[in-house]
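One chain comes next, on its own, written as structure tokens: the form predicted alone.
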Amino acid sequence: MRNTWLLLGPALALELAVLFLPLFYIGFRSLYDWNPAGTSEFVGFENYYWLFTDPDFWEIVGNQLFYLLGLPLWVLAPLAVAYLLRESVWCAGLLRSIYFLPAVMSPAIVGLVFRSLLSTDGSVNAALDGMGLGSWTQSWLTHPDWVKPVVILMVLWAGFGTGVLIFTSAFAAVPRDLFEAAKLDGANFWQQFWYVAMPSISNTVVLWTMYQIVAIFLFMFGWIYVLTGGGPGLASATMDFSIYQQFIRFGFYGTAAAQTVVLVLSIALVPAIGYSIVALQRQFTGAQNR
């Protein structure tokens, strides 16, 4: 046990110094009318009051919840493709590499690609015009009804290859004897997927789902900043983008700190929910085995 703590100690100390101490400091500063260049007056929970009574904050929360509607797409699309690629597909390795290519691009590049394609005079509208579908052209990035679905598709494209890679690895760890036994019992392709593959990789599915939820709250800034700048208005803004705006652009440091605390607490719920799902699944599986 002592040797274990000797090995874990440096990593835990680094984690505390790099991650938790700054979070505690932000939480402390959220109780002040924070003025980095002067005296900061203690205001208690006033920053949180102004945050929760701000209609703009609730609009941004609504955006976050809307983006979560893309969660089934972000999970099921790479899952289905990874399962198809486990069969004898021509150049499966090449296809995986192509799918993974967007994952190595920075969010700025991904945002620029989509902004170029979906601008009013971009390739998508030009292609629709060329096919005689001019009535389908839209202001994809400046219309509040279309900008959030565009962001959902962009996140799918950017993370699709990573999901395929993770699920492919998970499928590779499932013993092939299970699939062969299912074939002998008359199970078709999709029955093997549902009754053999899915129970075997369920923990991986939960892990990927939790990662996608965390990403939607924490890793959207680069894409939103380049693609839409949070607009039109606040129609595409996310909480991490809003924190940047409050802190850097407007100088509302206390409000930004309070919003950071709310964001971190929201994210802390994700692992708790994920572990609860896994625990319930194990309990259900154990009950079935009895």
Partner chain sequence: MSDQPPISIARTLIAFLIAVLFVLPFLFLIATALRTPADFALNPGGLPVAFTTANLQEAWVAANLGRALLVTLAVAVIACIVCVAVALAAAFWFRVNDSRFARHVRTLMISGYAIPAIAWLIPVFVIVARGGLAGNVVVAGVLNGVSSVPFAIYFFHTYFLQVLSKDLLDAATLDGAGPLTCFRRIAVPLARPAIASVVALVFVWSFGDLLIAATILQSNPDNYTLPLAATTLATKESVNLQGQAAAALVALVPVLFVFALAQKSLASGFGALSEK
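Only the largest set of C-alpha atoms that superpose within 1.5 Å between the two forms is called the rigid core. Residue numbers count along the first chain shown, from 1. The shown structure was predicted, so the numbers you read here are calculated from the model rather than taken from an experiment.
Although not depicted, the form predicted in complex with the partner chain is the subject of the following passage.
- Of the heavy atoms in Gly222, some are within 4.5 Å of the partner chain in the predicted complex.
- Taking the partner from the other structure, the partner chain in the predicted complex has a heavy atom within 4.5 Å of a heavy atom of Pro36.
- The partner chain in the predicted complex is approached by Leu101, whose closest heavy atom lies within 4.5 angstroms of it.
- In the predicted complex, at least one heavy atom of Asp121 sits within 4.5 Å of the partner chain.
- With the partner removed from view, the residue among Trp136, Tyr195, Trp157, Trp146 that has a non-hydrogen atom within 4.5 Å of the partner chain in the predicted complex turns out to be Trp157.
- Heavy atoms closer than or equal to 4.5 Å to the partner chain in the predicted complex belong, across 5 to 21, to the residues Trp5, Leu6, Leu7, Leu8, Pro10, Ala11, Leu12, Leu14, Glu15, Val18, Leu19, Phe20, ordered by sequence position.
- Remark: with the core as the superposition reference, the CA shift of Leu23 between the shown form and the other one stays below 2 Å.
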